[in-house]
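Let's start with one chain on its own, the form predicted on its own, as structure tokens.
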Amino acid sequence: MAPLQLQTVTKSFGAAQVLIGIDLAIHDKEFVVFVGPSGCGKSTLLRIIAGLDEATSGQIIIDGTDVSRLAPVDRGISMVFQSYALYPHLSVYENIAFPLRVQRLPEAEVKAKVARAADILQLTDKLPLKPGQLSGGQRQRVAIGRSIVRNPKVFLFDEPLSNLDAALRGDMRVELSGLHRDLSATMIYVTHDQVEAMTMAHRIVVLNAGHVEQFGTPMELYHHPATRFVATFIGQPNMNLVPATVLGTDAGGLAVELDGGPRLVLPVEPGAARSGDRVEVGIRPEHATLGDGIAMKVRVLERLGGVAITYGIMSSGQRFCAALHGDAAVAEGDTISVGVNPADCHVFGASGAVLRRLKAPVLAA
């Protein structure tokens, strides 16, 4: 296994810039997830690391060696694609063994490597079968097994769970996390699903329009998003963004008035905004509780057992979502009030960047 560095990697197709100055340092044995919306450049970046696409500029360094001009087979990587790409006429054993056959390894070594991969992936009893006799999750495990036998320095995964149903995706997330632990491998995983990113990654790279918005642990991105984009992309349901006007600043924080809502004093450094500035206050649905604060009329209520996802409209017309206790006494059509702790709020300026927070939280006015 090995560390990987990307140094000022760019990619352009004619005048269109797909990747803009990507700088990343991925540690040895780390599980890193590239996440972002469709078209953000995450799969292109993975393909550049793999050598399937060539960067317009920049360097890819694996285990201290610049591999930017090397062929994929010489980079010490292995890639698992969204499609299983299995040979339907070959057994599971032969599908896993295929890259070893290409290397012309001795049969005893092929047998040992396939047996180890099958044991790790719980496929030992499936080795005689053909891919058509397997479930979707089992076929994906065969594709992963074909990567394991190559003993790569870095594993690359390009949305490998996209073709699976919701329940199986959940099972495979657990299996992939366990696989990473068992192999002590360096893994880079691409997905558009932030739940996959949050549950599997040591660190997450949030990509947007070809550049890195933020790179950090799942909880760093959740609690300390650097931008409006990261704040709304990470977390489910999405963070509420309520427009507000700055009333004033002092050592106690930033006083704001929410459009159609109450006044709050938020833990933001005084120099981060001026009186009269327009800002957006970010409030996660799970941080809202029944109580005095923001009034909204409930339009849709989703009871999911332990939680009741409550979608409503504030008097300003602003949509607001609150994740309340599953037994909360609310109904569609009710007008309710939800309270928020200022220490849980985030404030974003006109540029979309988060405003600097005070080190010590303050209470509401």
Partner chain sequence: MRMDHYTLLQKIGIYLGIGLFLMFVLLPFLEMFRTSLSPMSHLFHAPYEIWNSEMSFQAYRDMWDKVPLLGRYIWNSIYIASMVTALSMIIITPAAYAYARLEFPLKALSLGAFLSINMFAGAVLLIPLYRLLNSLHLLNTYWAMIIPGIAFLIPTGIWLLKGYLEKIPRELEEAAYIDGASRVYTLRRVVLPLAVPGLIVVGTSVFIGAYAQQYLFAITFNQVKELQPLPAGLNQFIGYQSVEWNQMMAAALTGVLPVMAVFFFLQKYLVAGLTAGAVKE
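Positions refer to the first chain, counted from 1. Computed from a predicted structure; not experimentally measured.
Below, we turn to the form predicted together with its partner chain, even though it does not appear here.
Put simply, of 150, 202, 192, 169 only one has a heavy atom within 4.5 Å of its partner chain in the predicted complex, and it is 150.
For the options 303, 47, 297, 27, the one in contact with its partner chain in the predicted complex, meaning a heavy atom within 4.5 Å, is 47.
Annotated contact segment (heavy atom within 4.5 Å of its partner chain in the predicted complex): 93-101, selected among 250-258, 288-296, 269-277, 93-101. Taking the partner from the other structure, its partner chain in the predicted complex has a heavy atom within 4.5 Å of a heavy atom of residue 86. Contact annotation for residue 264: none of its heavy atoms lies within 4.5 Å of its partner chain in the predicted complex. Using a 4.5 Å cutoff between non-hydrogen atoms, residue 41 does not count as a contact of its partner chain in the predicted complex.
Although the partner is absent from this view, residue 284 stays clear of its partner chain in the predicted complex, with no non-hydrogen atom inside 4.5 angstroms.
Along 60-79, a non-hydrogen atom within 4.5 Å of its partner chain in the predicted complex is carried by 71, 72, 73, 77, 78, 79, in order along the sequence.
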